[in-house]
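Before any questions on binding or motion, here is one chain by itself as structure tokens, the form predicted alone.
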């Protein structure tokens, strides 16, 4: 009986310890306050392009870049675009950037004073220069707040710009990556959409992802829909949301996704309220595994699961 009692106590302790470990928040990937991370991989190196956070009213005026070989150890590459020095048409509200590579160049899309700009460089770490001298998408041009650009480059080299808060819009970019036909802008707003569109392609299917609620709301979360083309039509998933608050993790959202080169292994970068005492102006960037089930649906993300090392392939992409 004593032996049985000791085993019972040990099992209980182990259960409590495992539960505690799972409910312990993972360490932020980047130091300090950052949000809206766009993660990408170029030539075997991972990069994160975030919003600089910790400022009331989201008043940042520059963008920095971080690089990593393993998704765990990140190097600050410094400022890559400074509105005060590099732009003539905006000087504040540097929000929610993204990056794409095409035609041998890197194209950096960003929100600036609630408009969308584009900058170019021959390196993912910049420096980036403004080729237009004006916004790519001007404030008031469409029925949305003109922020949160996302560019998806398909396998044939065609590039698509997604943007908007309140409504989601998509348009195919011209070959120069810095212009488009305004008459071809299409509204594709899914139910529950607020902001932060992101698109990925896996096994011939296109996944449109977005954030619901406001970034200051603890319920901020990520949903997705699936379609046959970059412009839809998109059918919302039955298991939404796939990223959301849990326990001490609040407002998990405004994400991006990266694929390990050559592997069917994926990771999601997102922000949450800083722990402890964070809010919609004080957020931090985290990375967790993203998985698909046998039907191609995205499985719910465990916000307590960190990046594991070494990275292991699960399956080979068809």
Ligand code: FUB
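Residue numbers count along the first chain shown, from 1. What you are looking at is a predicted structure, and each value in this text was computed from that prediction instead of being measured.
The following text describes the form predicted together with this ligand, which does not appear among the structures shown.
Each of 38, 160 and 209 within 4.5 Å of this ligand in the predicted bound form, by any heavy atom, yes or no?
No, the candidate spot makes no contact with this ligand.
Could you tell me which of 231-239, 133-141, 146-154, 67-75 sits within 4.5 Å of this ligand in the predicted bound form, going by non-hydrogen atoms?
Only one stretch passes the 4.5 Å heavy-atom test: 146-154.
Closest heavy atom of residue 254 to this ligand in the predicted bound form, within 4.5 Å or not?
Yes.
Report whether the minimum heavy atom distance between residue 223 and this ligand in the predicted bound form is within 4.5 Å.
No - in the predicted bound form, heavy atoms of residue 223 and this ligand never come within 4.5 Å of each other.
Since only the chain is shown here, I'm wondering whether residue 95 would be in contact with this ligand in the predicted bound form (any heavy atom pair within 4.5 Å).
Flag for residue 95 set to yes.
Quick one: is residue 215 in contact with this ligand in the predicted bound form, heavy atoms, 4.5 Å cut-off?
Yes, residue 215 sits close enough to this ligand in the predicted bound form that at least one of its heavy atoms falls within 4.5 Å.
Do any residues of 270-291 have a non-hydrogen atom within 4.5 angstroms of this ligand in the predicted bound form? If so, which ones, in sequence order?
Contacts from 270-291: 271, 283.
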